[in-house]
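Encoded as structure tokens, the following chain is the form predicted on its own, with no partner shown.
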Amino acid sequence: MKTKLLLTLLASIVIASCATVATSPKAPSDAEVTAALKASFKETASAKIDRLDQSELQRACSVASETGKDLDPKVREALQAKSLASVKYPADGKYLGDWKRGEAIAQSGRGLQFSDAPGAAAGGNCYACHQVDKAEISHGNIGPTLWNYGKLRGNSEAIVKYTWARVWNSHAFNACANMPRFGDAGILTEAQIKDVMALLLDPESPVNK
């Protein structure tokens, strides 16, 4: 009786093991995942398939995130240096536009979606991640507060150029930053970035009151 029961239990274990093997397929490769994603989408208006193509920096940061490991310091330094070199500063040497237009850009989250015509002006959606104007109580906290940004930092040439570079390509200072590359990725125009700069640095902006 005991032998029969033991054999029955062993058979159950073998059957369960086979079922587990049968229902645990091999994980797809990165290339297979990318191919599946590209096959699942189609280009519509401003939404293009090439958004799925990763840059060298994005691939490095994706691997670091998947493995739970920090980027190698030398790799991080090289990627950040390359990002900083990509920054295009204003050809006319003027960095500040109109802070009122900058506030409208910071509030707007539209643009670059399937329903937006190619070339249509996009917003910065800054409030999704930052506190900007203290009068606006609806804001995210993924990024640091920008309240009193210019008042605390001043408007020296170093600060102005740093701020421009940070908005243009945030990866210049943090390789795996979550902040969009507003200039480098063509999200905002040079004129729009000047307006956002004014929102942050103009003494008359409500940000600095």
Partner chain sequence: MKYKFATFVVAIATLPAASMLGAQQDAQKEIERYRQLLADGNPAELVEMRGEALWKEKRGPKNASLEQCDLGLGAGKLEGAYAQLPRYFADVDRVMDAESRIVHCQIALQGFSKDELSKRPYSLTQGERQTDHEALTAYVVGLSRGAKVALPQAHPKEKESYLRGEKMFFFKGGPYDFACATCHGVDGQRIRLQDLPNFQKADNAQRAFTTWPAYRVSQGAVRTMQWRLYDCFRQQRFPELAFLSPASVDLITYMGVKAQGGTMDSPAIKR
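Residue numbers count along the first chain shown, from 1. Everything quoted here is computed from the prediction, not taken from an experiment.
Beyond the structure shown, there is the form predicted together with its partner chain, which is absent from this document and is the topic of what follows.
- For the chain shown alone, E136 is a contact residue for its partner chain in the model of the complex, at least one non-hydrogen atom being within 4.5 angstroms.
- Among heavy atoms of E66, some come within 4.5 Å of its partner chain in the model of the complex.
- In the model of the complex, its partner chain sits beyond 4.5 Å of every heavy atom of L71.
- Its partner chain is not drawn, but in the model of the complex it has a heavy atom within 4.5 Å of L112.
- Residue in contact with its partner chain in the model of the complex (any heavy atom within 4.5 Å), chosen from A128, V75, L84, A120: A128.
- Of the residues in 49-83, those that come within 4.5 Å of its partner chain in the model of the complex through at least one heavy atom are, in sequence order, I49, R51, L52, Q54, Q58, C61, S62, S65, E66.
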